[in-house]
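One chain is shown next in structure tokens, namely the form predicted alone.
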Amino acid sequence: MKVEEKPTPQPEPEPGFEEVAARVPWGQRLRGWGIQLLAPAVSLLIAAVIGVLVILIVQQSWGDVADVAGAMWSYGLFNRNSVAFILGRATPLIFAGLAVAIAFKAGLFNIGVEGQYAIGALAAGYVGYQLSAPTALHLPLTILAGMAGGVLWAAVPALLKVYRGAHEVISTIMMNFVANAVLLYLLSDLMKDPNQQGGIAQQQTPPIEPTAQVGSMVPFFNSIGFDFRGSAPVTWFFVLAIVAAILYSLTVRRTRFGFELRVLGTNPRAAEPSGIRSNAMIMKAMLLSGAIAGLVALQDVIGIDDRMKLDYIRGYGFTGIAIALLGRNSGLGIVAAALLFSFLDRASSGIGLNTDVPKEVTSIMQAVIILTIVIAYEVVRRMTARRQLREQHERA
């Protein structure tokens, strides 16, 4: 007698991420978002408290505390050109934060943004004064040259990491020193402007062609009601920085590359068994980080100074580390952190001009933000882990 076999019941497919997320109550979601915002809020509060204590220790007067707060509020926000300064200053900081954040997402520490944007600015300056072409061609090529310079300088530590196991922190820091030496040599000899006027020759390139220069946003802002002076340091690179932050967010959250980047950074041991080629992702992350780093100083080179100088503004790369940490490696967070640091820079000028308190108080506040943000994020991480563990026990 033939016995018919019953078909084996197939297990139901596991719910996808979207379905699981849809089942989470809104109250729980809001509580989670509130905990995530707790770290930067606590850091800013601690920085403000320590700033007040420093003022009281140095000046021994509550009146000076009020003067500093008033100067930061009035000069930092309501001075005629404050908005333009804050947006202009935030532009390179956004690029620097994004460059660092991409490496952070892959579990890498790109400490070499400083050297990468120096070489990128040098490459952009060379294409800017050497090439003659229409604006539609010259300007994009100049920007691409800056990105290529950053990629070139990031490729060295990336290759050392992949093929020799060299730690990227050491190699990227060393590349910063090499970049400064390269700049000193080229701007003192091969790329030095030979047509300078005056008795003292500066270490700088020849002027960049007008077809490679980025226009100012001052006319646009003045057309909508602002009253910025013509030399206010805000250019259309600010719009490019915002676009870069949006593309970064979409790439990290909505693409396969972004998913693999996050997996590599979160659990490197699980990357290879999941089909992710770790070495290839490390190369891609470092090169992409270098490409964005190459944009950091371009506003100064082709938008404000219109040439590459040896005394170009430094420190963007290291500030970008703090901005990426404060912004939690998110596009929106990085933009907000860059605007905050830019505001503090502007406020320091107001403190120096309108009070007897040293303007270095804002530098202390920035340093405290950097120090406390790491501690605050660790505390928040532990709070979140405990909450999730408690909820798992309750469901069980």
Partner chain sequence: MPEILVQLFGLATIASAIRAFVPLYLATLGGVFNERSGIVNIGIDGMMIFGTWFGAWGALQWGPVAGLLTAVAAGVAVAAIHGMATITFRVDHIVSGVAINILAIGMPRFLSIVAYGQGTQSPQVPSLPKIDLPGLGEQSIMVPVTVLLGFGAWFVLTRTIFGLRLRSAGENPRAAESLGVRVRGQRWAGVLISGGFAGLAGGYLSIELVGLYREGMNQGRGFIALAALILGNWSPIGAAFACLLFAWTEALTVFLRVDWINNAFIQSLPYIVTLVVLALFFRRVRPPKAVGQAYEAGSPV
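As the structure is a computational prediction, the values presented were derived from the model and not from experiment. Only the largest set of C-alpha atoms that superpose within 1.5 Å between the two forms is called the rigid core. Numbering follows the first chain given and starts at 1.
One more form of this protein should be noted, the form predicted in complex with the partner chain, which is absent from this view; the next part is about it.
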Taking 4.5 angstroms as the cut-off for heavy atoms, does Arg80 touch the partner chain in the predicted complex?
no
Answer with yes or no whether Trp73 is in contact with the partner chain in the predicted complex, where contact means some heavy atom within 4.5 Å.
no
Non-hydrogen atom contact Phe318 with the partner chain in the predicted complex at 4.5 angstroms
yes
Taking the partner chain as it sits in the predicted complex, is Met147 near enough to touch it, meaning that at least one heavy atom pair lies within 4.5 angstroms?
no
Please name which of the stretches 204-212, 238-246, 217-225, 108-116 has residues with heavy atoms lying within 4.5 Å of the partner chain in the predicted complex.
108-116
Can you pick out, from Ile313, Ile304, Val178, Ala133, the residue that has a heavy atom within 4.5 Å of the partner chain in the predicted complex?
Val178
With the partner chain left out of view, which of Val52, Leu38, Ile46, Ile364 would have a heavy atom within 4.5 Å of it in the predicted complex?
Ile364
Quick one: name the residues from 150-177 with any non-hydrogen atom within 4.5 angstroms of the partner chain in the predicted complex.
Leu160, Lys161, Val162, Tyr163, Arg164, Gly165, Ala166, His167, Val169, Ile170, Ser171, Ile173, Met174, Met175, Phe177
Post core alignment: Ser330 C-alpha displaced by 2 Å or more between this form and the one not shown
no
Quick one: core overlaid, is Gln59 moving 2 Å or more at the Cα between this form and the one not shown?
yes
